[in-house]
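Just the one chain here, the form predicted alone, laid out as structure tokens.
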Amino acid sequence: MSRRFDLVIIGSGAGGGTLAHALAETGADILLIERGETIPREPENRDPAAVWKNLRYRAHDSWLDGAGAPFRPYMHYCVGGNTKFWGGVLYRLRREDFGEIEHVDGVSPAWPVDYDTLAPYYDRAERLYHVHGDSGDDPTEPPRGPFPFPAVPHEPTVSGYLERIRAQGLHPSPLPLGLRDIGAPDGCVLCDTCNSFPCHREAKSDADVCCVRPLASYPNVTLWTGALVERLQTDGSGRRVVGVVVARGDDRTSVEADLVAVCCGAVNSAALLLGSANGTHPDGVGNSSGLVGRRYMAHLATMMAGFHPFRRNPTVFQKTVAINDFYLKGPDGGHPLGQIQSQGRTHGVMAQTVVPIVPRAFYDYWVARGFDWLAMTEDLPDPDNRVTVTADGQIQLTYRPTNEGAHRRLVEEVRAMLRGLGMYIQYVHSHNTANTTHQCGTACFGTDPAVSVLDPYCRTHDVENLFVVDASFFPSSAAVNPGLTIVAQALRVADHIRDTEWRRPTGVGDQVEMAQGESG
């Protein structure tokens, strides 16, 4: 039997979870669909072997790379999506990121909105996700008001290193971090299993805790877990989505909807649009531009660590530092290189997963004497970097990173910084072509339907009641973590839906009046 809702949201991560939360108070009948289940609170949440070696929470998907070889992507299907496993670094894009920027390998294109458009939504996003930070030390930060919560303090060993980093002429600044109730009995304890772990105290600011859990108090919002949307259905004209086909175990249900928001992540959202091809959308729903799945981007990210064989690092919560000196230009005033962030502590078993032939005891010894960093460079949009779906429905990701020369320069800057700290022994590891973290760009937004998939409010140009609200909409990847920008845009899209689709009549309380067919 078919069900009908005012809005169906597919995916409960940074885009979908936030969108549902923002629209719950309208009283509209909303269905939030998540293909995974809720991550249980259990000892394995903070067990490095369970999370990193045994991949207890990792999706069992097998995707194909550009050569047709299978690989297991870094994906998590659960309530909250990949936000359950993010490091909680919640950066605003820099003001310059919204304009055109020249890079070594090409041009980072301008966005159809500017920083000032998103600034009030960034404010709301930071409050919603409990962002801790401080302004003034970051040379790239635009003028802004105070953070909702003070910056997480550096531990003593980190503070000592920062003095020596400043002596090198660099300008370290606090990382903006989404953490809940630091120091409270049930809050964050600043442990060493935050980055890439599900929080065993549920004190990390993820979409599940911040947005989906509160929906339990709204009777108008329904959450389906263990539910996979197999395809979108359009009407005869192809101008409207009329429903979705949902598989729950062995059952398939047709769900009708007045509005649909696809929020599955840049790869899976593109795959769903492409896999929903029909007579009026032969190349995939919303794909008259031919750009659905194209322009895939993922940051060039290199994990690094410096080691001192005779100096232990007693730091527990290490992920508190950013260095943006090379974000907008290199040390010689040339092209941008990217961002440097300190990382959560590496555990021996985590390092052993990269080079398993080395005994665990060796890694335990070295990581106890290490200082972990991430070098991150902007990846540029290339139409040949793309998501496709094979004839048997398998996802194929064809990807070659751009800006590799700039990234090598950035890695060398980190190496030099570590040498200045007396750390001449260094570890370097990159994701290369199998990178599915920080994925974005597969349904970029813009004002021209010929060269974009979505309008500036993430509505598809081709289908008037279909939105895509995740990092698919990014025209460029910038070089900071995309999470806060996804959240901010989701809040902006929610306001747009409320204003253009659901007009609250005078004196009708929480009821909503559907204004069909309007666009903004």
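Position 1 is the first residue in the sequence shown; the rest follow in order. Being a predicted model, the structure only gives us computed values, none of them experimental.
The following text describes the form predicted in complex with a small molecule, which does not appear among the structures shown.
S.K.: The small molecule in the predicted bound form: within 4.5 Å of a heavy atom of each of Gly293, Gly441 and Leu466?
M.R.: Looking in the predicted bound form, the three residues Gly293, Gly441 and Leu466 all stay beyond 4.5 Å of the small molecule (heavy atoms).
S.K.: State yes or no: in the predicted bound form, is some non-hydrogen atom of Ala471 no more than 4.5 angstroms from a non-hydrogen atom of the small molecule?
M.R.: Yes, Ala471 sits close enough to the small molecule in the predicted bound form that at least one of its heavy atoms falls within 4.5 Å.
S.K.: Tell me, yes or no, whether Cys264 is in contact with the small molecule in the predicted bound form, where a contact means a heavy atom of each within 4.5 Å.
M.R.: Within the cut-off, so yes.
S.K.: Ala257 versus the small molecule, in the predicted bound form: is there a non-hydrogen atom within 4.5 Å?
M.R.: Taking the distances in the predicted bound form, the answer for Ala257 is no, it never comes within 4.5 Å of the small molecule.
S.K.: Mark Leu23 yes when one of its heavy atoms lies within 4.5 Å of a heavy atom of the small molecule in the predicted bound form, and no otherwise.
M.R.: Leu23: no contact with the small molecule in the predicted bound form.
S.K.: Taking the partner as it appears in the predicted bound form, which of 65-73, 23-31, 457-465, 481-489 has residues with heavy atoms within 4.5 Å of the small molecule?
M.R.: Result of the contact check: 481-489.
S.K.: Identify which of Ala305, Val241, Cys78, Cys199 has a heavy atom within 4.5 Å of the small molecule in the predicted bound form; exactly one of them does.
M.R.: The residue in contact is Cys78.
S.K.: Tell me, which of Gln396, Thr437, Ser135, Asn220 has a heavy atom within 4.5 angstroms of the small molecule in the predicted bound form?
M.R.: The residue in contact is Thr437.
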